[in-house]
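Just one chain follows, in the form predicted alone, and it is written as C-alpha cells.
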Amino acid sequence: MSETVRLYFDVDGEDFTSAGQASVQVKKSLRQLGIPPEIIRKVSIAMYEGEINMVIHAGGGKAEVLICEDCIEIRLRDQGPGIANIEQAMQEGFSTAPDAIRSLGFGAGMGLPNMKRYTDEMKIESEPGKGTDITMRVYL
C-alpha cells in the first residue's frame, strides 16, 4: 500500500449504543486491506477505548485513522473538560467517571492504560477546560 488511507469519524457523546461503531468500521477496513489480525486487534482495542472515553468524559469528539505503509495512526480529539493530571489518569483503576456511568459497566479506569498497552506509541496533550488530543501509533 503506497498511498495513505484516511478514515474520519464523529463520536457521538450522547449515545453509548453508538460508541464503538468507529472501531468496528476501522476493523473492517483493515481486514479489507489485508492487515495482519494481531495488528487489527491492537488497533481495534485502542480505538474502542478511546471512543468510550470520549463518550464518558468529553461529550464526544472526532477520530481520524491514517493507514500508512509502516503504521496505523489513530488521532482522537475532543473539546471536553481535559485531563487535569495525565500521570494519575494513566494509572490502572483511576477513574473520574460518575457513578451513573459505572453502573452501566463503564468507567473502570482501564481506558487510557489499555490504549497505551495496545499501541506502540501514545501521546496525550490535554488542557483543563479546553479538551484532549491523543495520538496513537501501531507499527506494521
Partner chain sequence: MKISVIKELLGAEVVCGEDQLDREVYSACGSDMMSDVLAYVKDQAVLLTGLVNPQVVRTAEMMDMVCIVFVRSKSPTAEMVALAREHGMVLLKTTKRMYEACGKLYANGLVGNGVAR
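Bear in mind that the values here come from a model prediction, so they are computed numbers and not experimental data. Positions refer to the first chain, counted from 1.
The form predicted in complex with its partner chain exists for this protein as well; it is not shown, and the discussion that follows is about that form.
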item: Check all three, 81, 130 and 135, heavy atom within 4.5 Å of its partner chain in the predicted complex; value: no
item: Among the candidates 71, 58, 110, 89, the residue which, in the predicted complex, approaches its partner chain to within 4.5 Å (heavy atoms); value: 110
item: Distance check, residue 126 to its partner chain in the predicted complex, heavy atom within 4.5 Å; value: no
item: Its partner chain contact at residue 104 in the predicted complex, heavy atom, 4.5 Å; value: yes
item: Touches its partner chain in the predicted complex: residue 118 (any heavy atom, 4.5 Å); value: yes
item: Contact label in the predicted complex: residue 19 to its partner chain, heavy atom within 4.5 Å; value: yes
item: Those residues of 36 to 73 which, in the predicted complex, come within 4.5 Å of its partner chain by heavy atom; value: 41, 44, 45, 48, 49, 52
